[in-house]
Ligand SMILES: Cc1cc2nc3c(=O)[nH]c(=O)nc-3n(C[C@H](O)[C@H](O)[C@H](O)COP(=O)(O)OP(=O)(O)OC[C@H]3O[C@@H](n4cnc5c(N)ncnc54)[C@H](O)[C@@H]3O)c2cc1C
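Quick setup: one chain, the form predicted alone, written in structure tokens, and binding and motion questions come after.
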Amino acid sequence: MNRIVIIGGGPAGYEAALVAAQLDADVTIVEEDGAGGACVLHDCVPSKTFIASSDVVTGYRDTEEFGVHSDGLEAITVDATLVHGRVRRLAAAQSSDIHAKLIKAGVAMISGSARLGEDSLGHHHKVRITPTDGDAEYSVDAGTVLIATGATPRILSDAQPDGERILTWRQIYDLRELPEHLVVIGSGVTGAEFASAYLAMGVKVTLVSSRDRVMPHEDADAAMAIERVFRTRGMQIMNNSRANAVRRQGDAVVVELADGRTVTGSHALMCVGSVPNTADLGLVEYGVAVSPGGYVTTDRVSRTNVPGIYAAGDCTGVLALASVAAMQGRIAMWHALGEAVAPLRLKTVAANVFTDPELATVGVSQQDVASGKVPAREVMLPLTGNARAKMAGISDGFIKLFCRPASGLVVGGVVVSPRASELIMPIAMAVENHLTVDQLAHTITIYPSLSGSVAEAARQLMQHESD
């Protein structure tokens, strides 16, 4: 029986373990934090649970328009202790559910850390395990090792988190009260999501962005639409403003910008990216190729350059999404255990930013099309004309669809809307299954529904086929 050791129990690790156990392999996961890893206990699950609380507050916005007297957002109070307690409780429950599923599947769970030892006879890999409970280090031999150790928040030398006023996104749940004025440094996905959530909860928010717009790596039309919503709701956004340092001054923080300006707030939230957890795994000594940034180099079936050593998830730097990490892990096990497997296809991966409104994308990007890299026709359909959007009071958002010029094959799409994470699904299915705008347009949709605009966008692209 092939013994598999997985270092890291996040989505990449535990999904890989479930696949390997299903194929009757002897599987061991070594994880320090608990089943689900940092994703479930500290990052994705907690942040989206926190955002869910902000969504409840948003439900009280502009209720007069619907004939409902709620006294508005001013009458809403948010108990940070209860919100954070719910966050931790749900994260722990999800971790417990994952742990139970792994044990039921026959996966051995070890609480501790691990690193690669020396190569042993028979092409087995020796893995050194240090248990969390203080027991002595010991070694196990594995035919296959999966590195799935994830990443941690990047720390700037002149903005050291103190857990009280200068915070990483893993520390905000320790606050007993919501910040009076939160300065968010970094306007990527994580920074935009937390800025949006805190703004909804009534916190004064300043978003410091080093680029000319928020979420610079997302669709430009979508990012600018969300930035307009942020500004309309009172967020101060400082574009083209790079933070050099964050200093604590009593009960305040001062953010020093590269151009000499300063921003003062009650708290600073650092959202300046992540670094891979690969430094203490013995990878370089073992001969595993690692990039200058510390990411493990893999091919499209999750192999490293060393036979029998695979890697998946955020530690590879491929695409920092739980869904991608999980698929990388599954692919690694299918490949290692001799199953038929298709290489990872990033162009079919749907991604979502959990701001309000949400931003979802799949397939080719606007930049790919505009640069001529991908020949495509496109249509952008505002939701303002959608009957269901009118009923729900949705005034911001759109559906964007890309298709091949001649065949009409759907190759990508963008959605800005409440619950865009759900609305992107039909477009993702079209991209994954090579559907045409003709097929999408002929799908009967519910009326009234937001998804009706997906079919409408497809119909508009059909009309252009005869041009």
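Please read all numbers here as calculations on a predicted model, not as lab measurements. Position 1 is the first residue in the sequence shown; the rest follow in order.
The same protein also has a form predicted in complex with the ligand, omitted here; what follows describes it.
query = Does any heavy atom of Ala312 come within 4.5 Å of a heavy atom of the ligand in the model of the complex?
reply = Yes, Ala312 lies within 4.5 Å of the ligand in the model of the complex.
Heavy atom of Glu32 within 4.5 Å of the ligand in the model of the complex = Residue-level check for Glu32: yes, a contact with the ligand.
query = If you check in the model of the complex, is Gly150 within 4.5 Å of the ligand, heavy atoms only?
reply = Flag for Gly150 set to yes.
message = Within 4.5 Å, heavy atoms only: does Ser47 come near the ligand in the model of the complex?
response = Answer yes; at least one heavy atom of Ser47 falls within 4.5 Å of the ligand in the model of the complex.
ask   = Of these, Met215, Val83, Leu344, Leu321, which has a heavy atom no more than 4.5 Å from the ligand in the model of the complex?
value = Exactly one listed residue reaches within 4.5 Å, namely Leu321.
message = Counting any non-hydrogen atom inside 4.5 Å, which residue from Cys403, Ile424, Val27, Cys39 sits next to the ligand in the model of the complex?
response = Of Cys403, Ile424, Val27, Cys39, the residue with a heavy atom within 4.5 Å of the ligand in the model of the complex is Cys39.
task = Go through 70-78, 137-145, 200-208, 106-114 and give me the stretch that gets within 4.5 Å of the ligand in the model of the complex, heavy atoms only.
result = One stretch meets the cut-off, namely 106-114.
key: Triple contact flag Gly8, Asp43 and Leu281 to the ligand in the model of the complex, non-hydrogen atom at 4.5 angstroms   = Yes.
request  = Would you mind checking 327-359 for residues with a heavy atom within 4.5 Å of the ligand in the model of the complex?
outcome  = Heavy-atom contacts to the ligand in the model of the complex: only Phe354.
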